[in-house]
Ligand code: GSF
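First, one chain by itself: the form predicted on its own, in structure tokens.
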């Protein structure tokens, strides 16, 4: 299988961590979604990463679809529980972690505009407010637990750690580790796993 990805994309990192945890081999192809890329568009008409090319030449896109596919390929360390209630809990965590990434990326793109105006500043403030709300909700939900759901690592923990890692990379001014102690503890624990170390953005 071939994964088109960007090294700094938190969504692509989530896929790479899942593949590593599942002991699955992926051929990695660096693909900048901001440059013309006919191959990427052929695999994903939205022109976004990650996109996964399967052995039969079909493609999967959107990280949530890809990780669910990868998790089902092997019984080794299931990251998405089969139990319906736990499964929904894991997918809820993934949704809020991905939502935090969505807001962070929009804020970063808006901030990079050379023609920023009052509307730009309002949009940045709105997206940063979403980041703050997501952090608060995740902190409250995690509490004193070691894992987001249950007693073992799941996709929830992977998604949260990838989202927090992206904040550390792109928004060092958001000092969430000082204000959200449960998330800081969670991140310190999971960021030391080999799968996270191997996928650290450059």
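The structure presented is a predicted model; accordingly, all values stated were derived computationally and were not measured. Residue numbers count along the first chain shown, from 1.
In what follows, reference is made to the form predicted in complex with the named molecule, a form of this protein that is not presented.
Though the named molecule is absent from this view, in the predicted bound form it lies within 4.5 Å of a heavy atom of just one residue from 146, 177, 62, 139, which is 62. In the predicted bound form, none of the heavy atoms of residue 150 sits within 4.5 Å of a heavy atom of the named molecule. Taking the partner from the other structure, the named molecule in the predicted bound form has a heavy atom within 4.5 Å of a heavy atom of residue 98.
For residue 49, a non-hydrogen atom is located within 4.5 Å of the named molecule in the predicted bound form, even though that partner is not displayed. Heavy atoms of residue 124 never reach within 4.5 Å of the named molecule in the predicted bound form, leaving it off the interface. Per the 4.5 Å heavy atom criterion, the named molecule in the predicted bound form is contacted by stretch 49 to 57, the sole one of 49 to 57, 22 to 30, 155 to 163, 130 to 138.
Contacts between stretch 103 to 132 and the named molecule, counted in the predicted bound form as any heavy atom lying within 4.5 Å, involve 105 alone.
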